[in-house]
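Only one chain comes next, encoded as structure tokens, the form predicted on its own.
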Amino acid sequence: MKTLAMISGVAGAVALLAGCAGGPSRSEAEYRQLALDTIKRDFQAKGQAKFERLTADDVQQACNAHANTPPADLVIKLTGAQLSTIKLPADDKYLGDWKEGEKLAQSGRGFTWSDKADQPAGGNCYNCHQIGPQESSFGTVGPSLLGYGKTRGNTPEMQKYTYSKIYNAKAFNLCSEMPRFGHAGALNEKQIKDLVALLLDPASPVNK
């Protein structure tokens, strides 16, 4: 959820350092590292904001290094590795309570200094997607999800795919801007099931 904000902050710091620095010119990678070093120096772990959030994994590094278009062989390798991280429900059930899913979709809390460690995070889905027909304001970073289940159906295969996509979107689109909610521990199994229900349950306003 806040990963994009962190990446944007690093990008802004890179631009600022590049514009203000004197002396010999540096590469973008050097400025990026300088920005990260500066953030790490001043960052204070508190609440749900932890130091590990500042470290880019191999997927983030690959997408940064190749402007979100890594070589095909690297994409195949990394997406396969991300797919293996998805933990499916032991009960093989994917639909939760769409009403709880709607609350999650509306909630933007989580991963900040003011969020207590045991406080559940939200999905903040409307920040990037159109979901319910009653919403007059929503983000457009991601595609509209209005009518998601009505268009795609509510088959067991679609339920499993939707759960997996929410759990780790980068297993399907390596440089997707969608957070890896399950992989990052932002949402638990029940919460993801509730979001799947929001998208697929025929009774959900998404599918009206």
Ligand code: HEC
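Every value quoted in this text rests on a predicted model; they were computed, and no experiment measured them. In this text, residue numbers run from 1 along the sequence as written.
What comes next is about the form predicted in complex with the ligand, which does not appear here.
Within 4.5 Å, heavy atoms only, which of 61, 173, 69, 33 is in contact with the ligand in the model of the complex?
Here the answer is residue option 173.
Just give me the single entry in 40, 160, 152, 26 that has a non-hydrogen atom within 4.5 angstroms of the ligand in the model of the complex.
Looking at 40, 160, 152, 26 one by one, just 152 meets the 4.5 Å heavy-atom criterion.
is_contact(residue 128, the ligand) in the model of the complex, heavy atom dist at most 4.5 Å:
So residue 128 counts as contacting the ligand.
Looking at the partner-bound form in the model of the complex, is residue 183 within 4.5 Å of the ligand by any heavy atom?
No, residue 183 sits far enough from the ligand in the model of the complex that none of its heavy atoms falls within 4.5 Å.
Is there a heavy atom of residue 141 no more than 4.5 Å from a heavy atom of the ligand in the model of the complex?
Yes, residue 141 is a contact residue.
Would residue 57 sit within 4.5 Å of the ligand in the model of the complex, counting heavy atoms only?
The answer is no: residue 57 has no heavy atom within 4.5 Å of the ligand.
At 4.5 Å, heavy atom to heavy atom, what parts of 164 to 184 sit next to the ligand in the model of the complex? List them in sequence order, or say none.
Heavy-atom contacts to the ligand in the model of the complex: 165, 166, 173, 176, 177, 178, 179, 181.
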